[in-house]
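Below you'll find only one chain, the form predicted on its own, shown as structure tokens.
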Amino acid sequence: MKQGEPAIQVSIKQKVFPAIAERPEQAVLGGVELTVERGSFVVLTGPSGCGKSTLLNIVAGLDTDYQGNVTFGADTGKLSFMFQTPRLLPWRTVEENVSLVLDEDCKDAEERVAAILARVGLSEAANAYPERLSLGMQRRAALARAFVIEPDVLLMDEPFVSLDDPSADSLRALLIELWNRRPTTVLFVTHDRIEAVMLATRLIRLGGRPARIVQDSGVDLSPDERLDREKVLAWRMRLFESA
């Protein structure tokens, strides 16, 4: 599959959460048609509860109770998912948590783990357990685990939420660096409009109930411009002035 060819095709006719106790049935997604090109960094944004994470779970195959279908390109095989919490196993070291996702017959596992830990700045913490790490370092470990398998598709559900601004900015810059080294196809969910502009090559905004795509915009920024606060703020105003 070449750059620009479809990596993911999403067609969701309807996604409904059934009635529970006093909560009535809720139609969350409806009429969502989305083609994601290989190597693109697509950011999903929109109001809280509009179905962004639900859409990501559907793409991941974690939620199959919907009307529609999701298809992947012929050469789209490996998929990684980075969640809102790092989800590191507390009884395993950083190195062990990262290597856990590699196939047992991976011949260069040690080299790959060492290389990705070096890139995320965790070489010295390789033998540490998660409880000894700050939240920012835990998220770096989760980022390393997501990239170590060299995924064809990377799904990210608000992976930098609850971090202070300097820590979040550092991780965003690191993500941009890792993605530029190997432009995998990314679907990234966020509420943060600055984060959305900083990362996206394409921004999708969901809205309404049930949610549909209400905005689909390209974001034409170079890697250096994505780290320029003024340029990011200017693009945020351009993209969200009617939000």
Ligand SMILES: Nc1ncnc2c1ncn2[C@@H]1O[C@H](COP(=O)(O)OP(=O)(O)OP(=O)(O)O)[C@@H](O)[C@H]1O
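Everything quoted here is computed from the prediction, not taken from an experiment. Each residue number is its position in the shown sequence, starting from 1.
Note that the form predicted together with this ligand isn't included here; everything after this is about it.
- A heavy atom within 4.5 Å of this ligand in the model of the complex is found for exactly one of D169, D152, E158, E95: E158.
- For the options G31, G61, G49, P183, the residue carrying a heavy atom within 4.5 angstroms of this ligand in the model of the complex is G49.
- At the 4.5 Å threshold, heavy atoms of T54 reach this ligand in the model of the complex.
- Looking at Q215, you'd find every heavy atom of it more than 4.5 angstroms from this ligand in the model of the complex.
- Although the partner is absent from this view, R202 stays clear of this ligand in the model of the complex, with no non-hydrogen atom inside 4.5 angstroms.
- Although the partner is absent here, A21 sits far enough away that none of its heavy atoms falls within 4.5 Å of this ligand in the model of the complex.
- In the model of the complex, no residue of the candidate spot (T35, R236 and F240) has a heavy atom lying within 4.5 Å of this ligand.
- Of the candidate stretches 64-72, 194-202, 41-49, 172-180, only 41-49 has residues with heavy atoms within 4.5 Å of this ligand in the model of the complex.
- In the model of the complex, this ligand lies within 4.5 angstroms of a heavy atom of only one residue of 205-219, namely R209.
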